[in-house]
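The form predicted alone is given below as one chain in structure tokens.
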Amino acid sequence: MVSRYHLKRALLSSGALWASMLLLLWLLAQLLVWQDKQIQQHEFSEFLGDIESMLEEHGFEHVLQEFELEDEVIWPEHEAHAHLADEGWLIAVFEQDKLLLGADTHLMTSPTPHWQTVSLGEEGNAELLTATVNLPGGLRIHYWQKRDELHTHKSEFYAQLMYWFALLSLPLMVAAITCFQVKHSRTLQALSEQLAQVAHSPDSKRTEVTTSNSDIITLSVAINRMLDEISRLHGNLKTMSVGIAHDLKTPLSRISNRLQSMYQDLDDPTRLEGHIDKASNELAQVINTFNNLVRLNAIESGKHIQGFKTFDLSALIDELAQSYLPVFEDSGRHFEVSIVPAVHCHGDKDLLGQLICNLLENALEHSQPNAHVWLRLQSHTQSALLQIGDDGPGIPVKDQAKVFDKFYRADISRGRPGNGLGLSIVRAICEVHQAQLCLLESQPGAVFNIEIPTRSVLSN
């Protein structure tokens, strides 16, 4: 069904199109008419030149014979108009200002070929081409020529063509544009209905269009891409919410238990002090979780990029390695360090320092006491390759794809300390530095490769 809105738009669109096409046709017809007049005007000029040549070569009598004129014939005004209408031409020959023969008429003349429209009485209006030829001996010829009949018929044909086009084309255009708009609106209506269904199942349903309209197809693809991104963000939000709930539930439950125990052991200072220490540790874990969330959000916002500087990455890693060396030795692990000196990179020194600490802490937490842990730095053409790994139990294949997600922990019992944000922070730091981070597959233990650009990321 055609709505008033579609009909109004169809009338406006078709009216504008109709007027434009009509104007174009009119301009084209005027151009063709002008070309015909120019052709006749050119031939007229050549004819006047022939008269002059004829006079010079054969004399005035020969010219009269060519025009089949008798000596001293004079046509009054009405006979001159009739001659012009019948024969298509008219001549008047003057000596000084005296009419010798030809038309005794008030029709205007011009020194050069010129078009004019005149009234011939009962013969109606006519377009004339006129000019004056000045001859030796004080002779002067005025000559008029009607517009060529073929050109006149062509001009009339153009006028008729425009008339019928103006009469018939507007309804056809309105009908065609209305049909197109109705078909177009049906496609949009179908897309709108699909979006209503997507609203009920945003994670599983997507739009599908069967039209050949590239604009609608592009719109559908863009909507589906937006829905995928929203679903991904929604999934991350749900995962983070569940992670926060799990990470807060355990320490808060323990704190609650400690408070009950403190109430029962009020008369025992030693046990009371132990309960306070335990509750304090649990609270520190909760605060650490929130601090990591705040820090992760700050890193992902990208505000650190403005403070990037070029610094000695080798020196930073060596300093951190020396600080961690006693820790690994005390834990019974073998810590190997291999650093190419004087490797510089452009970035945030504190963030990259935290990245290294997080990965070393991860190795300390998840490798066995006698494990081999290594930290290596190599220099490439436009990047520095940092590798931190261990030969511990590694990360199960099914967990490797999710290991960088927020609050994701392969240990579903959450019996180990930590909040599942350490590797998420590592990934966020890599993204803000445009560094390539990967967990090597088919490797014993857990081996992380990080390729850090040595040029400024802002210059790219």
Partner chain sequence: MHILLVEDDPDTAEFICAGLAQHNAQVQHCDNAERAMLSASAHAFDVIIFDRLLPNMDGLDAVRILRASKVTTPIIMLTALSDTADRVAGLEAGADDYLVKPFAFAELYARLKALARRQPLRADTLELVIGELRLNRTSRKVLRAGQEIELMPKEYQILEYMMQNPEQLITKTMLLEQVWGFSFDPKTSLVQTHVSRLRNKLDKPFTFDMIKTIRGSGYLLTGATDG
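Numbering follows the first chain given and starts at 1. Note that this is a predicted model, so its numbers are computed, not measured.
The protein also exists as the form predicted in complex with the partner chain; that form is not presented, and the subsequent description refers to it.
- Using a 4.5 Å cutoff between non-hydrogen atoms, Gln189 does not count as a contact of the partner chain in the model of the complex.
- The partner chain is not shown here, and in the model of the complex it never comes within 4.5 Å of any heavy atom of Arg271.
- In the model of the complex, the partner chain stays beyond 4.5 Å of every heavy atom belonging to Phe308.
- The partner chain is not drawn, but in the model of the complex it has no heavy atom within 4.5 Å of His106.
- Taken together, the three residues Lys303, Leu320 and Asp350 all lie with some non-hydrogen atom within 4.5 angstroms of the partner chain in the model of the complex.
- Only one segment in the set 208-216, 72-80, 142-150, 350-358 has residues whose heavy atoms sit within 4.5 Å of the partner chain in the model of the complex; it is 350-358.
- This chain appears without its partner; in the model of the complex, the one residue of Asp228, Asp265, Glu329, Asp312 with a heavy atom within 4.5 Å of the partner chain is Glu329.
- Proximity to the partner chain in the model of the complex, taken as a non-hydrogen atom within 4.5 angstroms, holds for one residue of Val294, Ala196, Ala342, Leu168, which is Val294.
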